[in-house]
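Before any questions on binding or motion, here is one chain by itself as structure tokens, the form predicted alone.
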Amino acid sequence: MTETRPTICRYCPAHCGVLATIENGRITKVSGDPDNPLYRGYSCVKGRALPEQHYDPARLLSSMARSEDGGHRPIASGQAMDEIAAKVGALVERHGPRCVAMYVGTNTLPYPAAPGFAHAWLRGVRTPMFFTSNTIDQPGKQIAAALHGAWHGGDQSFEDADTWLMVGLNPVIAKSSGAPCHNPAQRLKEAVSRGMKLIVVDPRRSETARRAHIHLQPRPGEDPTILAGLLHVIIEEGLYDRAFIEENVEGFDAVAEQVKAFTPDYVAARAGVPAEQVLEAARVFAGGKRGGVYCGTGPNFATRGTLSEYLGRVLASLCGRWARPGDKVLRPNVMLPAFTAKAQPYPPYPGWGFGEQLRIRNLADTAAGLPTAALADEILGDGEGRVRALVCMGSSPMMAWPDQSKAFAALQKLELLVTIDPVMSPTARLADYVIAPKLTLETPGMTQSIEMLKYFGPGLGLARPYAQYSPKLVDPPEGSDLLEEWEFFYGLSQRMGIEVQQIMFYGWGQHIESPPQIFPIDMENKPTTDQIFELMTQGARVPFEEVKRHPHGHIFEDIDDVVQPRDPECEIKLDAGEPHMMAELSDVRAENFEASHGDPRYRFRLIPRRADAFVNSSGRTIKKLLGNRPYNPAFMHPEDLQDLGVGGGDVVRISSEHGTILGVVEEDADLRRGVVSMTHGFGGNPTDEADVREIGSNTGMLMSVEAEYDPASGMPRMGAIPVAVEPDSPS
């Protein structure tokens, strides 16, 4: 029997509506859904590989436990939960709750019920040690929003923008932010065709930059310099929105003073871009009436990600690029409670230094969460409060954490390491227990978690009042013993006597659109996933049952909210001259950039690169995605390869002050000279002896969490890394 059913591809944050072909209970094909009103038949290579993911020969069909010989043996999921619950309880009794930590990665988005259950279990253990990938990816977004203040009415629409500035992001490939996630390449093409002037700042002429009206191709790591230069021109030439600033912004004089020294000529000399381009970019952006500013992984991976994000917000505010009264609300809630958007600021608040105080580098909680870059040290350190047990969900820390050598030592020192993983990843091979999960098409799904991404930064989430629900389509493989992530934490909670309460927050930082809702879970009678979804969508703008009535997804056009005027009594203003950020910008100007860029030992800069076939480390066992290249190439300009005496396909040694990796070089004439571009999330554990051509290399080996790091988030230099490149000599 063959049938075709609509569903949601949950491989990445785009959550495209797709069609799945099922033959005799097995997924055989996934393709775009032409009847989906938002995605309109679009799909990408990752979504089309969902059958290969579900039936991957490397997939675990049962949980695994470490055996006495150091390997792993299958274990029943119930027994695994029994043993883990007992071991966590014993550790807490001996060392206190803080000895237990959790790390959650980006691959939790496909399973909306999981994060709430995981956090509820952690609260039940009474430990504050909750870490996420947020603070080793783009923490500057939330910290900058805290320092600058956010805009209650939201950002302006891409659909009617006449200018758009993207700094170090490539939505054509990443499909997460900067342009609408529903077929971003097509959306960009349409916008440029109607006259939108796209400005891109990127050391590579990326797939997005090829569509740009202006492409500034700077030295890596100079994003704050360029943004300050744009602000200099806009302020010097009086191109800012005086009325908007007078009503909504304070700190104008402070930022004006700081950017005085960032003249076009200075920016040109430091960032390596023509001064005329800086002038033109500033005039084009300020000359438009509507638009947006978005920073991505590139500037956030460099050491001053928070400053870049902050300056981006200041640029948007000085040009009045926030939604005005009467504008249609860009991201109205659908599967979340309704709210009234107003054309006024949320007040700034502290970006860091509150909550749990870590024992490392004077770091504490931040607006983006606890600093994940400090977690390895929290495990390795001695004394009271040391982390002894770690539970991981939705990520492979050995692939994701910076400073891989330290991460490797830390995970080996743990007394208990538990990871939820569909394959024996490098992290799973170090774990005491590996919980084998069900995959997306074996579980129900909904778009609520993607809708909530708007709280993480401008440009994220669904830009239309769209929602979709999908039931599970197939059963897990016959004879398997698999759990949904939430079932694992439900089972642990039962065994440890923890009452699970899901808490739903609708807002960000200290700014909540609606009061938090608390949903007690029946701990005697296990609920279904759909019943949990019903609890999670209580009070939603559109009832859960109504969303389910539209299997191909639906745009709820009757939601026609407009931004309301500012409250008459509102005196809140956005802060364009926050003292910490102004001091950091002053430090940038005081740097000896000529010495830095001219260091003959490390004359190249390594930058991150998104890959169309992967989301971080996900997909690396799927042959359809890997093709004939199971490694992450070290892309370099052809003239740089010629100078090194190597050619495409050769192996080179890439060294920083902190470590060395091998890379298989490939030509990329779209790169700026002096740049090495590699995808993160590849490689194995440091002791693995596999050939680089088989697994690639982990760029985390080139990083140190102790050397250069953001003083707020603790995020170290993960991009714009000074490196040396030389041919690999045969051993």
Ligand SMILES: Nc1nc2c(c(=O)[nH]1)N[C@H]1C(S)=C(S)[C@@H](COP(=O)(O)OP(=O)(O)OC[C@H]3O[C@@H](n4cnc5c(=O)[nH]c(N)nc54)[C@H](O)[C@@H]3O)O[C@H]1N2
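Quantities reported herein were computed from a predicted structural model and do not represent experimental measurements. Residue numbers run from 1 along the displayed sequence.
Although it is not shown, the form predicted together with the named molecule is what the next lines describe.
For P444, no non-hydrogen atom is located within 4.5 Å of the named molecule in the predicted bound form, even though that partner is not displayed. Taking the partner from elsewhere, I214 is found to have every heavy atom lying beyond 4.5 Å of the named molecule in the predicted bound form.
Contact annotation: I420 falls within 4.5 Å of the named molecule in the predicted bound form, judged by heavy atom distances. Residue contact check for G351: none of its heavy atoms lie within 4.5 Å of the named molecule in the predicted bound form. Checking D640, E485, E378, E584 for any heavy atom within 4.5 Å of the named molecule in the predicted bound form turns up a single hit: E485. Contact with the named molecule in the predicted bound form, judged by any heavy atom within 4.5 Å, is made by just one of F614, W121, F604, Y631: F614. In short, of 71-79, 324-332, 291-299, 187-195 it is 291-299 that has heavy atoms within 4.5 Å of the named molecule in the predicted bound form. Residues S133, I136, D137, Q138 of 127-143 are found to place at least one heavy atom within 4.5 Å of the named molecule in the predicted bound form.
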